[in-house]
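To begin, one chain is listed below as C-alpha cells, in the form predicted alone.
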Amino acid sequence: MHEKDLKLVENSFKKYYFDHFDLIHVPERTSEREFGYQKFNSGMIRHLSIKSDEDLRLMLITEIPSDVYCSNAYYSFPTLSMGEKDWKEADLIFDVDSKDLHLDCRKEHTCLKCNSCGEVALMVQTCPKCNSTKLEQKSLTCKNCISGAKTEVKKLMNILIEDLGIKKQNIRVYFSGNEGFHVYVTNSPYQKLGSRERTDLVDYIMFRSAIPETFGMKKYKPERSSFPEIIDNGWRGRVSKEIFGSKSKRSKEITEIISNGYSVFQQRLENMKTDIGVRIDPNVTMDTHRIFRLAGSLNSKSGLSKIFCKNFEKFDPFQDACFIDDEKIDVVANCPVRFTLKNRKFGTYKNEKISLPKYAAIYMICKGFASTA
C-alpha cells in the first residue's frame, strides 16, 4: 500500500476504534487465550496476552493494526511458543466464505489486477497494459453471494442443533468483514476434540465420504425396507427428502436405485454434497491452534467490521458492517465492477479522479481498486 493510502487507511481505522470501541471486547477466559495482530505492510505479531478491554483499546489506538486476532483455543501459557503453551481445549469455529460456493454471479463481479503495473481489468489472460501474466484475482462481494453464504449458515445451524445436540444459545454468527460468516460454538461437549476428531466432524457436516449402506443400499441383495423414510432424523432424513421428494414417490425411486446398482447410487450420494452438505472451509475447523479475527475489529481486505449478526435473517453487511464515516475523499479509481455500500451504488470507474465518501474510498483502496489522488 502506498504511503498516502496507508496514512488515510490507518487514520480511518484509528478513528473507528476510538469511536466504536463499544463493539469490541475481549472474549471470555481472556487470560487463557493467545492474541495477535498484523500491521499494514508488515508481518504477523502473535503469542500476545491481552487481559482486559482497556488493554485491548490501548493496543488498538497505539498500534493501529490492520487486523486483530484471538485464539479459539485455551492454553495454560498462551504467550509461550506453540510447543510450550499446554493446549487445554478449543471452541468450534466454522468459516462460510462466499468465494467457496462458486456461484454463477462471481464472474459478474470478479476481475484481475496486474501485480506488475497495477492495471485492473475484467477477466483476461494477460494484462492489457503491460502484457504481464502476473495477475491476481479480485472480487467484490454482491448480495447474492451473501444470500448464498446465509443459506450455508442455516444448513450448518440445523446440523449443529438437531444432529450434534448443541444448544442454540451456545452458537453465535458473525459477519467476517469480507465475504462470508464465522460461526462460533462455545461451551459444548466438543471443546476437547483434537484435530483428527474435528476432521471427522467436518466430514459429517460437509456430507463427505457417505457410504450407500448408511442409506439402505447394499452391494448384494439390497432390501427395500432398509431405505430411509422422509421423516427420519439426521442425514438419512435429508437424503430421503433429496432423493424421493415426497412419500408417494419413495417406492418408485427405490426400485430405480436398486435397478441402477450400488456404484451408481454411490456416485449419486457424492453428487449430492453440494446441495445438502454444508460448504465450509474445513481447515479452519480442524485447526485447534488458529488465531481468528477478533469480533468487532476491522477487516483490512474491505474496511468493513467483523460484527455479530443480531438479526441474521435481515442482516445486511453492506449497511450493518460499514462504520467508516462519509467525509469526502478524492481518489483515482480503477474499478470495473459496481458495488453497493450504505444503500449507495458506486462504479464503474476507469482511472477516474473522483470524490467519494470515505467508507467507499477505503473499501476500494483495501480491495486495490483506488488510490488517493
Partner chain sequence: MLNLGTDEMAKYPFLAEAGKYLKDKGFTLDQFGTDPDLMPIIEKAYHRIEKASTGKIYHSELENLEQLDVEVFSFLIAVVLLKLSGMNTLIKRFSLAEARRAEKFLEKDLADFSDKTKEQLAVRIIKDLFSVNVQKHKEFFVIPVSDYLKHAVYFHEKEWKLVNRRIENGKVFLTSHESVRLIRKELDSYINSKIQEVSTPSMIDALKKPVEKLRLLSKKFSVPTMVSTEYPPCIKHAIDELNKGENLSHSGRFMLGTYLLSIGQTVSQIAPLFKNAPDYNEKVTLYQLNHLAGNSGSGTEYKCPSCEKVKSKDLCYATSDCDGIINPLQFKKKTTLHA
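Just so it is clear, the structure is predicted and the values come from calculations on it, not from any experiment. Positions refer to the first chain, counted from 1.
Although not depicted, the form predicted in complex with its partner chain is the subject of the following passage.
K.L.:
Within 4.5 Å of its partner chain in the predicted bound form, counting heavy atoms only, one of 206-214, 280-288, 293-301, 107-115 shows up; tell me which.
P.N.:
Correct option: 206-214.
K.L.:
Looking at the partner-bound form in the predicted bound form, is L193 within 4.5 Å of its partner chain by any heavy atom?
P.N.:
Flag for L193 set to yes.
K.L.:
Answer for Y184 alone: is it within 4.5 Å of its partner chain in the predicted bound form, judged on heavy atom distances?
P.N.:
Close contact is absent here: in the predicted bound form, Y184 is far from its partner chain, nothing within 4.5 Å, heavy atoms only.
K.L.:
At the 4.5 Å heavy atom threshold, is L164 in contact with its partner chain in the predicted bound form?
P.N.:
Contact with its partner chain, yes.
K.L.:
Going by a heavy atom distance of 4.5 Å, is P189 a contact of its partner chain in the predicted bound form?
P.N.:
Because a heavy atom of P189 falls inside 4.5 Å of its partner chain in the predicted bound form, the answer is yes.
K.L.:
Using heavy atoms only and a 4.5 Å cut-off, determine which of A121, I258, L135, L201 is in contact with its partner chain in the predicted bound form.
P.N.:
The option sitting close enough to the partner is L201.
K.L.:
Note which of E229, E197, E84, E223 lies within 4.5 Å of its partner chain in the predicted bound form, where distance is taken over heavy atoms; exactly one does.
P.N.:
Exactly one residue meets the criterion: E197.
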